[in-house]
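Before any questions on binding or motion, here is one chain by itself as structure tokens, the form predicted on its own.
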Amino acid sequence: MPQQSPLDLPEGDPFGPHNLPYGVFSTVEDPGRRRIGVRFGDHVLDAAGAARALGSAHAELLDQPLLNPLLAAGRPVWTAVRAELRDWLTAPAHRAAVEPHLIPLSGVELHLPFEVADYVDFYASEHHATNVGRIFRPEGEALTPNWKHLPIGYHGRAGTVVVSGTPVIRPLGQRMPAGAQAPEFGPSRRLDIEAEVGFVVGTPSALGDRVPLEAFREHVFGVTLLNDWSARDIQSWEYRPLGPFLGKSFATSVSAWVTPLDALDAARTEPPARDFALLDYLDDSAVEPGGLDIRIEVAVNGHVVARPPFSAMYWTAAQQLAHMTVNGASLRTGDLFASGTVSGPEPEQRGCLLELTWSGRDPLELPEGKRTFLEDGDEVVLTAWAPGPDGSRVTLGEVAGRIAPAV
């Protein structure tokens, strides 16, 4: 029986020609050479190799160790390259030229696909913000007065963004135990996750310019799943008055794959109804729907503990980008901004352990024992999918991380 070609995908494969996420890989045979790859089924297409074989004008752009040159090339080039890739992978005339450049996933190592310029994390889920407010301010208002008027965010640390599969070392820091008179130093005892969606900026903007809502597609290249690890005990002691610092800066994990924004067109959806009139620069009533119907799944040690719905996010990525630049702050190629924890209205839709266990009050029951926060050796895996064209599914690359002991 002849071996099936990697170009012949099973019907409904979520990594078919409607998806085509980008990554960076190396092979066992040539571990020192990193190159751009495009996922197709359970294979990786060597994008530059295929481009050279087919005489593409984009061969040099694709023959790079990072996605940044492609990101910087801008939307017309992104569109053209995506059209070429779909043609190469689906047209019968190209099979003989393309097949030699498809490498099984099992034979490659995946790397951080782009150099992160700046990292910004938002706080865009009303359900998450409300739950956290109820946990920390049980006698007060759950939401702060500004929450429904602007997307709240903070600047993170680009240098600690790591690719899926990288071990997460338990951070050290100051903690203030309940009832203590002075802080103590040591490993975090309340290590948590945050299930998020990240957005990768391609086209930069000049210092002093603002990026309006309708220019979102011109600047954002694609989407990646993201886990913004959090040391809740370190964070709760340090965050007043300036906000997250060491409790968040030790690690942020992203998928090895960046899904092009255009692959998610069928997942566009209206965001939740707003309770207050928005200022003009955030008013998205006259632009394309900014929500995305991405369904996330969170697993701890192989056991699903939550299914957060991204469609429930109050603030959209376009609003976050508009707010991030409204003061004239410039964008750089490789900027990464994240949604903040994705949570829905139901208990099983909460995107972090702080919410799922209600700050440790209600431990999770796992086969290996109860969990309030993460223990050394625990592995967290985020997966997600979104509706694609004609009833298909677009699967996002997973994000995995295992907790290593403090050093």
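Quick caveat: nothing in here was measured; it's all calculated off a predicted structure. When you see a residue number, it is the position in the sequence shown, counting from 1. Note that the rigid core is defined as the largest set of C-alphas that superpose within 1.5 Å between two forms.
As for the form predicted in complex with a further copy of the same chain, it is not shown, yet the points below apply to it.
Peer 1: Decide yes or no: are Asn146, Leu207 and Met324 jointly within 4.5 Å of a further copy of the same chain in the model of the complex, with each residue judged by its heavy atoms?
Peer 2: Yes, because Asn146, Leu207 and Met324 each have a heavy atom that approaches a further copy of the same chain to within 4.5 Å in the model of the complex.
Peer 1: Quick check for you: of 100-108, 262-270, 158-166, 299-307, which stretch puts a non-hydrogen atom within 4.5 Å of a further copy of the same chain in the model of the complex?
Peer 2: Flagged stretch: 158-166.
Peer 1: Answer with yes or no whether Gly179 is in contact with a further copy of the same chain in the model of the complex, where contact means some heavy atom within 4.5 Å.
Peer 2: No - in the model of the complex, heavy atoms of Gly179 and a further copy of the same chain never come within 4.5 Å of each other.
Peer 1: So in the model of the complex, does Phe250 come within 4.5 Å of a further copy of the same chain, heavy atom to heavy atom?
Peer 2: Answer yes; at least one heavy atom of Phe250 falls within 4.5 Å of a further copy of the same chain in the model of the complex.
Peer 1: Using a 4.5 angstroms cut-off on non-hydrogen atoms, would Asp118 count as touching a further copy of the same chain in the model of the complex?
Peer 2: Residue-level check for Asp118: yes, a contact with a further copy of the same chain.
Peer 1: Decide whether Asp192 counts as a contact residue for a further copy of the same chain in the model of the complex under a heavy atom distance cut-off of 4.5 Å.
Peer 2: Because no heavy atom of Asp192 falls inside 4.5 Å of a further copy of the same chain in the model of the complex, the answer is no.
Peer 1: Since exactly one of Arg82, Arg295, Arg274, Arg332 fits, which has a heavy atom within 4.5 Å of a further copy of the same chain in the model of the complex?
Peer 2: Among Arg82, Arg295, Arg274, Arg332, a heavy atom within 4.5 Å of a further copy of the same chain in the model of the complex occurs only for Arg332.
Peer 1: Taking 4.5 Å between heavy atoms as the contact cutoff, choose which of Thr130, Ser311, Gln174, Thr90 touches a further copy of the same chain in the model of the complex.
Peer 2: If I apply the 4.5 Å criterion carefully, the residue I get is Gln174.
Peer 1: Suppose contact means any heavy atom within 4.5 Å; which members of 228-242 contact a further copy of the same chain in the model of the complex?
Peer 2: Read in sequence order, the residues that approach a further copy of the same chain (within 4.5 Å, in the model of the complex) are Trp237, Glu238, Tyr239, Arg240, Pro241, Leu242.
Peer 1: Superposing on the rigid core, I want to see if Arg240 changes position between the shown form and the other one - specifically a Cα shift of 2 Å or more.
Peer 2: No; Arg240 is a residue whose C-alpha shifts by less than 2 Å between the shown form and the other one when the cores are overlaid.
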